[in-house]
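Before any questions on binding or motion, here is one chain by itself as structure tokens, the form predicted on its own.
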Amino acid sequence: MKAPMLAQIQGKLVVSCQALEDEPLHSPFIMSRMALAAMEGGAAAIRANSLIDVQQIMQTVDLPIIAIIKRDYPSSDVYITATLREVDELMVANPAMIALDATLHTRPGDLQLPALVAEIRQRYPQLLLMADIATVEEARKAAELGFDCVGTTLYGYTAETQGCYLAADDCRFLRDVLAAVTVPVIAEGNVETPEMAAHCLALGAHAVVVGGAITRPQQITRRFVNAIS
């Protein structure tokens, strides 16, 4: 059954343990220790990038994983689990859930999202799929395609939403997404404080994902430095 993970994370915190190649903590071992620290702190699940990180984390903690692969493709700004290639790679580890970019942007090779979802469902019928979206329209379309949940992950990170923040106007975007779909909505993207995380859940988010505010010390340090300056 696919439901247990969604039940397990309901009302709880998911910690994103990611470090890209140009970041100081880029290392499967370090990310696995981040995941262990998150688990000891009470996290209900981990979000992780790359097969090697996912595998190392799964060997270290007994928590469900939301897995992704970030990969750049020419002529496309879709980079989060953009094609079936990334899904096949991640399924070597058999994570509970895979998240993929579900925006309306051009995908590599003009791949269409409905075709990609259909192929994933055929190959891996028990896999949970999370749609990373940036607009209410994308959330609606993702729900129609049968995604198991949608995340506000890309709000503020796409060209049309650049400069937007999830916390703005009392989390208006999150509330709009919650009103637009019936599938679980996961709050993610610039959740910077415990108070904001709690507020997202109080508004009706199924779970909340926090990354940089917990696992990227260079970002945390910068916030302190900026406040002091």
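Don't overthink the numbering: it's just position in the shown sequence, from 1. Nothing here was measured: the structure is a model prediction, and the numbers come from that model.
Keep in mind that the form predicted in complex with another copy of the chain is not shown, yet the notes after this line are about it.
Per the 4.5 Å heavy atom criterion, another copy of the chain in the predicted bound form is contacted by stretch 197-205, the sole one of 160-168, 62-70, 197-205, 175-183.
Contact annotation for Leu13: at least one heavy atom lies within 4.5 Å of another copy of the chain in the predicted bound form. Looking at Ala38, you'd find a heavy atom of it within 4.5 angstroms of another copy of the chain in the predicted bound form. Within this chain, Ala43 lines the site of another copy of the chain in the predicted bound form, having a heavy atom no more than 4.5 Å away. Contact check for Ile30: a non-hydrogen atom falls within 4.5 Å of another copy of the chain in the predicted bound form. Residues Thr193, Ile220 and Ile228 are all found to lie within 4.5 Å of another copy of the chain in the predicted bound form, as judged by heavy atom distances.
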